[in-house]
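What follows is one chain in structure tokens, specifically the form predicted alone.
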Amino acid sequence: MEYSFSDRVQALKPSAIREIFKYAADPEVVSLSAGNPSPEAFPIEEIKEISSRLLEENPIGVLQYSVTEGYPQLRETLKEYMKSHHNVGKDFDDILITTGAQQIMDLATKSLVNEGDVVITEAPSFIGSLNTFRSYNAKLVGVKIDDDGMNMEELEKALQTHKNARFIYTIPNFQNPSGITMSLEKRKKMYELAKKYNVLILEDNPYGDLRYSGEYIPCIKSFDDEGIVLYAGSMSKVISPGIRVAYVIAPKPIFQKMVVCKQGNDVHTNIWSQMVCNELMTKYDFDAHLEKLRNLYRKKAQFMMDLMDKYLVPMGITYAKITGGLFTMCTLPDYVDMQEFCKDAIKNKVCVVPGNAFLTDESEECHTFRVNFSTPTDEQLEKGIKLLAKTAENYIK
């Protein structure tokens, strides 16, 4: 049979990162391409204990259907947590529990974007979100990132040019893939521009609680008095990605449309996972757990930077200093063919993600690649960075 696909999915391609994982599955390959939490980061014993207690005390509650909006106790817990820790959440907002933050991107785009409408994103940006926007035939407009976040002059030009821009998508803290954090000045400027041009902001903050150095910077949503910011939070990097629990705080009219879209998507997020998250946040020392993660990743990040300073920087390969999150972006000299470099790295048994995979236009000239430090062991990190240096020997003049 000859199959005919919808216009919406016909042009979609597999995620470049998922394709790279095929090489990373080779046990001989050192993968610096993943974005997984460290195996040491998971609260395994606590989850075992909570799950056992839930199944003993409330088995039907764990196994039965639940409400689309999310487990009521978890919604209240997250409202209190976001208000006390991040000053997020106004009377005009509500909170929806989703099946991972990826679903937030899907529900927001489905609710707000018509075919041909513009979504403005950072360039580079998270490939999973870009592919979601593409799946609704949105037009992606990328705005370059400076050392302190999205370039505001370019953003205003994009807003002036594209009158049908529906929202600005930003990852302000320890951005994936660049690792860069947006300054407070630029956060306020983005908010003012969004107000001026009547555009929403979708603030994606999966790494915000994983700051290892420097001062805390308030979320854009924390100074949202106009109801123009949607805030996406996630448990993937602070509890477990496998439980697929995230949440969006949005103005109530948008929240209501996202709820209706979710009803037609998956009815509700896994209720066991939601109950586990709520128990971890209310009956255990969640702040201590976060501090444990910060200490773990602070050491791994410093080890990675020490290795890059020793083996890559002397060869002309630069990187963004790691102050939080799970990634950094390395930049090759302009004369090096990044695609060939990444292919040769795989031949040398080390895997990174080519930087063009994160661009709105993958054909643009690009000299960067993303590396992850959270997943590999220290031994794998050292081996991987040395292999990258070995690969670079054939390219660096």
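Just so you know, these numbers come straight off a predicted model, no measurement behind them. For every residue, the number given is its place in the sequence shown, counted from 1.
Below, we refer to the form predicted together with another copy of the chain, which is not included among the displayed structures.
Proximity to another copy of the chain in the predicted complex, taken as heavy atoms within 4.5 Å, picks out 112 to 120 from the listed stretches 112 to 120, 153 to 161, 306 to 314, 212 to 220. Of the residues given (Ala246, Met281, Val143, Ile243), Ile243 alone sits with a heavy atom within 4.5 Å of another copy of the chain in the predicted complex. Put simply, of Asn265, Gln73, Ser183, Asn87 only one has a heavy atom within 4.5 Å of another copy of the chain in the predicted complex, and it is Asn265.
Shown alone here, Val67 lies within 4.5 Å of another copy of the chain in the predicted complex, counting heavy atoms only. Interface membership of Lys79, defined by any non-hydrogen atom within 4.5 Å of another copy of the chain in the predicted complex, is ruled out.
Interface residue remark: Pro354 is not counted as part of the site for another copy of the chain in the predicted complex, having no heavy atom within 4.5 Å. Another copy of the chain in the predicted complex is approached by Tyr136, whose closest heavy atom lies within 4.5 angstroms of it. Residues of 229 to 260 lying near another copy of the chain in the predicted complex, listed in sequence order, are Ser236, Lys237, Ser240, Pro241, Gly242, Ile243, Arg244, Pro251, Pro253, Ile254, Lys257, Val260, the criterion being any heavy atom within 4.5 Å.
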